[in-house]
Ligand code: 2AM
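The chain below stands alone, shown as structure tokens; this is the form predicted on its own.
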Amino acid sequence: MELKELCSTVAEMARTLGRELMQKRAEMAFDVMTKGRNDFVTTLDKYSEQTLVQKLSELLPEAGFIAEEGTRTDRADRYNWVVDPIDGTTNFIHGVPPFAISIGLLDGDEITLGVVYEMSRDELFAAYKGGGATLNGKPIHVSTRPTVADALITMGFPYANFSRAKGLLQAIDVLMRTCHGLRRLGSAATDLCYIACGRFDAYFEYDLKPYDVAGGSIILTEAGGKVSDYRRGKDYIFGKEMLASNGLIHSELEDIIDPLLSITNS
């Protein structure tokens, strides 16, 4: 199956499942469990992942999986699905948007396909390598805001790993005095897609997992954006840190983020 067709099939799969999850959430048909400090999982996370693993396995039988809830943990030599069944589980539990299904496809070390379905707004973001990015089937592109002073920036707070808390607070101090504003939505996948369609201009966070960012990262880059780690490198899928932007303000942001957050400091 070609990437274009595969992307379309996965996108519709995510939309169908997401609408089902929204109905179950409206009925409060789920239980909540704790995995760690401020780290939660619901029975719907598990149901969503099991459903996705089954359907994605049928689409690409030779592929392995990197899935948040561990439904399957076998990795293949070439293709691997990277699955977050509900990105923003804490938001989902409390009924606070956004929360999303996020799916990425690794071909070796490269993400070649991404789908993010933000359930609360019924917004389906999708991209495949060389095909551009779309929102509900229509092409999207990053903003053209040229400086940090013009930018609306989204970010993430750690919930367990506070090893860079001091540097994070310093970066917040610099940026809140400089940019249009800072926001924290609680879903990394959605953050990246909102940059892709021009709502935000940049995003940064550490202590990330591959399934948080795999799907959204290719949607952003196919929409004209740029992604890096804090050290100006490319280790943002497995490196547990990400700086993402419309591309125009990336270098300026690196000059702020790199010295403050590229090392542990508390």
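From 1 onward, residues are counted along the sequence shown. Computed from a prediction, not measured in an experiment: that's the story for all the values here.
Form predicted together with this ligand: not shown, discussed below.
Visitor: Given the stretches 54-62, 236-244, 221-229, 207-215, which is the single one in contact with this ligand in the predicted bound form, using a heavy atom cutoff of 4.5 Å?
Guide: Heavy atoms within 4.5 Å of this ligand in the predicted bound form occur in 207-215.
Visitor: With the cut-off set at 4.5 Å between non-hydrogen atoms, does Arg184 touch this ligand in the predicted bound form?
Guide: Looking in the predicted bound form, residue contacts with this ligand include Arg184, since a heavy atom lies within 4.5 Å.
Visitor: Decide whether Ile86 counts as a contact residue for this ligand in the predicted bound form under a heavy atom distance cut-off of 4.5 Å.
Guide: Yes, Ile86 is a contact residue.
Visitor: With heavy atoms only and a cut-off of 4.5 Å, decide whether Glu68 touches this ligand in the predicted bound form.
Guide: Residue-level check for Glu68: yes, a contact with this ligand.
Visitor: Can you tell me if Thr90 lies within 4.5 angstroms of this ligand in the predicted bound form, counting non-hydrogen atoms only?
Guide: Result yes; Thr90 sits at the interface with this ligand in the predicted bound form.
Visitor: Answer with one of Ile103, Ile111, Ala188, Ala127: the residue that has a non-hydrogen atom within 4.5 Å of this ligand in the predicted bound form.
Guide: Here the answer is residue option Ala188.
Visitor: Can you name the residues of 142-179 that have a non-hydrogen atom within 4.5 angstroms of this ligand in the predicted bound form?
Guide: The stretch touches the partner through Tyr159 alone.
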